[in-house]
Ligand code: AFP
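One chain is shown next in structure tokens, namely the form predicted alone.
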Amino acid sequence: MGEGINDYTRYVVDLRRHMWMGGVETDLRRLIWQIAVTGKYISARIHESNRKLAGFKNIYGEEQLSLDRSADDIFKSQLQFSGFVREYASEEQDAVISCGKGDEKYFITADPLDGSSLVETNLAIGSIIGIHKESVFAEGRKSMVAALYITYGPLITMVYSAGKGAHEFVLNREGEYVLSQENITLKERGSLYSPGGLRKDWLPEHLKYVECLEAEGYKLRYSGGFVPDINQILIKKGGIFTYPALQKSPRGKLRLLFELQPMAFIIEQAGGKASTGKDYILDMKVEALDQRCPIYIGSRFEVEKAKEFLSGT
């Protein structure tokens, strides 16, 4: 029995130790740890929720579940007096919220509960967090120092990057995030595709791109949730997620600041790419909190192939 315990502890690396071993700056790793712990509180709230609509819409006109409100309140309260966060920008708020004393080091963006409409069907949902070293109204490549997402499914998992690879952790029975996969690397070319939007609303160039993927035998995998679909591509190590420009929505659906920047940061750290079909996501300057963009994100081959179709080359 003693040897078994030693063997177990020898190979288990928890989140805090992993960040320390990886040379993540002290305040940043403390902040990432606080956010990871907050995920435990949100998971508990999901399980106890009655899953009823809160009865009003968020600032973007979408129906807001009580869970969305709770998740946002939990993140806001946990980060407001963390000692590390100067500003908090959330998909559920219409303005940036000042935190602490005003001289803190980091700026946080959050989609507190992505895919909340999937809760009633018992599908996985998640939280998306971006961590910036300066104002969020900048190019992600200049401002971002870390990003993470938490998936609430059969297992609670967290993928984070602090600019030194993308790493997956699983929340174990003891309440610790333990390392599952280190330095996840996407294949140059995958075999999965997750296409959002209605086919009848796609633009001709995008339709041709998807038809090319289908002709080459790509497998359709789409849940309707950004976090679980990106997570599947990352853990399966290849493929493409896309929510394109639509005929009536030329800017697409997903928001640059809250969803696309953090996921692009993580995917690039795993060797992939993320673009609008023309411009790389992390090269785009954020002009407004509700700024939306088309997205093609995943393996390098599929993202670059999309750029070929959308540029007409």
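Computed from a prediction, not measured in an experiment: that's the story for all the values here. A residue's number is simply how far along the shown sequence it sits, counting from 1.
What comes next is about the form predicted together with the named molecule, which does not appear here.
- Heavy atoms of no residue among 74, 88 and 100 are located within 4.5 Å of the named molecule in the predicted bound form.
- At a distance threshold of 4.5 angstroms between non-hydrogen atoms, residue 224 is in contact with the named molecule in the predicted bound form.
- For residue 143, no non-hydrogen atom is located within 4.5 Å of the named molecule in the predicted bound form, even though that partner is not displayed.
- At least one heavy atom of residue 254 is located within 4.5 Å of the named molecule in the predicted bound form.
- Within 4.5 Å of any heavy atom of the named molecule in the predicted bound form lies no heavy atom of residue 238.
- For the options 193, 152, 243, 177, the one in contact with the named molecule in the predicted bound form, meaning a heavy atom within 4.5 Å, is 243.
- Scanning 78, 232, 185, 117 against the named molecule in the predicted bound form with a 4.5 Å heavy atom cut-off leaves one residue, 117.
- In summary, the region of this chain contacting the named molecule in the predicted bound form, judged by heavy atoms within 4.5 Å and restricted to 107-115, 144-152, 168-176, 79-87, corresponds to 107-115.
- Residues are counted as partner-facing when one of their heavy atoms sits within 4.5 Å of the named molecule in the predicted bound form; in 153-174 not one qualifies.
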